[in-house]
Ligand SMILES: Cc1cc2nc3c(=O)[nH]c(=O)nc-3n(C[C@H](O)[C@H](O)[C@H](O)COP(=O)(O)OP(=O)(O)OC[C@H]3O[C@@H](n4cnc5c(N)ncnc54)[C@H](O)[C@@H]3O)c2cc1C
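Below, in structure tokens: the form predicted on its own, a single chain.
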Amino acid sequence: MTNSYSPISSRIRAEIQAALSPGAVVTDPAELRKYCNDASKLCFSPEMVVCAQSVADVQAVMKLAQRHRFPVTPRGSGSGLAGGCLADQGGLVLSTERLREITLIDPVNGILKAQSGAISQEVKDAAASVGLYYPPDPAGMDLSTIGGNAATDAGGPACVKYGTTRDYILGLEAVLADGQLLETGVQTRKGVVGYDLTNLLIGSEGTLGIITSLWLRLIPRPPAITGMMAVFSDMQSAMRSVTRIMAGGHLPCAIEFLDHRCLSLVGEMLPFGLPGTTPSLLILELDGPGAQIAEEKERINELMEAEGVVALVNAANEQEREEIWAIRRQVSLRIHDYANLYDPEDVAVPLSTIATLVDQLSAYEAEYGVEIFAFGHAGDGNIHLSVTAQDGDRRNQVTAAVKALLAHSLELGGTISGEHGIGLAKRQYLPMEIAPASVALQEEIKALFDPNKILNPGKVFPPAGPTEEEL
């Protein structure tokens, strides 16, 4: 990054503090430390941290940043995996975590308005309280914020049937780099007036504006839901089952898979033994009218049996359903604890190539001296590849393996990120997927919104003039 920024001097700090609500500036050293990290294991110390108490606080910070030319890094709860909320350019971290009010629930029109710091699970619970449903379910629902989900267009298991966060945002409010408050979108189910600025801001990772509120679309709540899990002797059998299920006209609300390395970390949680040396697990959920999903579950079980399912467990109640999901949730935590080095990637590939990619991982492990754990959303091809090493000195090998896997995912017709975003962690890989003309056009859009490059600088776009060696 070649931009020259102003340090936050004591005079500027005093000016910021005077412009904000009491208590908005974080000064406690222990509190300040948590704003240096996110879930990516990257670490950068900001010069100053502000937890906005109001939208006016966000506007005041951006007006001062524009005047004094210091960088501002927006932050939700810090649960991201790509370093998108870290202040690698110094400056000020602006947290929206205290803007968490759900300001409107309209069950007649199926609309909910929430401030960006509202916790995802709170939004889902608020919808349920009036008999409606907010489907997106990214990992860490009890931690991630709805604004952070919008900034990365987060997905989750339910997106196979219901889509991603983007599909449920009707409109939003965002503070621009100059402090201006922008309102976009509609409060109706349809609207085609002007350019779609809502969808431009969604997924922009805080580089175009700081989202402060969202108008969300709610849908009728499914009357029933049931879960099951099935173990296969290999990934090919599991993926053939997924193909059979979806080709047969069934659309589960979740189809997750775990490979044999993941199962080696959670094996004691399973109610059955694991077959062979490379077993694979599918977790499926169905929702809808009770009688309909009971019939559908029976048919899906038959399809999996035709592909040689070794063991099959159907959840008889909500507790058993939760026990199945507990296995899935433990995977990331155990990989994190297991490896001294790990790089969590989230490629997406066509459904027909999931098994091919996973079967080839052992060759990458042998070539680069790493261990690769594969799990994720079998229903939409979004594979989480955790590339790990026990030796802390093998960072170069981990990075080389990641680059090779991303390149191979692109060769298979995929993308380098399905839901985590680019942030800092993947910005050097952006030119692998996005053509120079497209990158240049996107940088022009960024310059239009933020000509002084003060809003979340250093994210998404690679440093100027990356060489092939840097990639």
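In this text, residue numbers run from 1 along the sequence as written. The structure displayed is predicted, hence computed values, not measured ones.
The same protein has a further form, the form predicted in complex with the ligand, not shown here; the description that follows concerns it.
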Candidate stretches 102-110, 274-282, 144-152, 358-366 - the one whose heavy atoms come within 4.5 Å of the ligand in the predicted complex: 144-152
Contact assignment for the ligand in the predicted complex, among Cys85, Leu258, Ala238, Ala378, heavy atom within 4.5 Å: Cys85
Residue among Pro344, Pro138, Gly227, Gly91 with a heavy atom within 4.5 Å of the ligand in the predicted complex: Pro138
4.5 angstroms heavy atom contact with the ligand in the predicted complex for Ser233: no
Exercise: Ala39 in contact with the ligand in the predicted complex, heavy atom 4.5 Å: yes
In the predicted complex, Glu323 touching the ligand (heavy atom, 4.5 Å): no
Partner proximity in the predicted complex: Lys426 to the ligand, non-hydrogen atom cutoff 4.5 Å: no
Residues in 79-112 close to the ligand in the predicted complex, defined by a heavy atom within 4.5 Å, in order: Ser79, Gly80, Leu81, Gly84, Cys85, Thr96
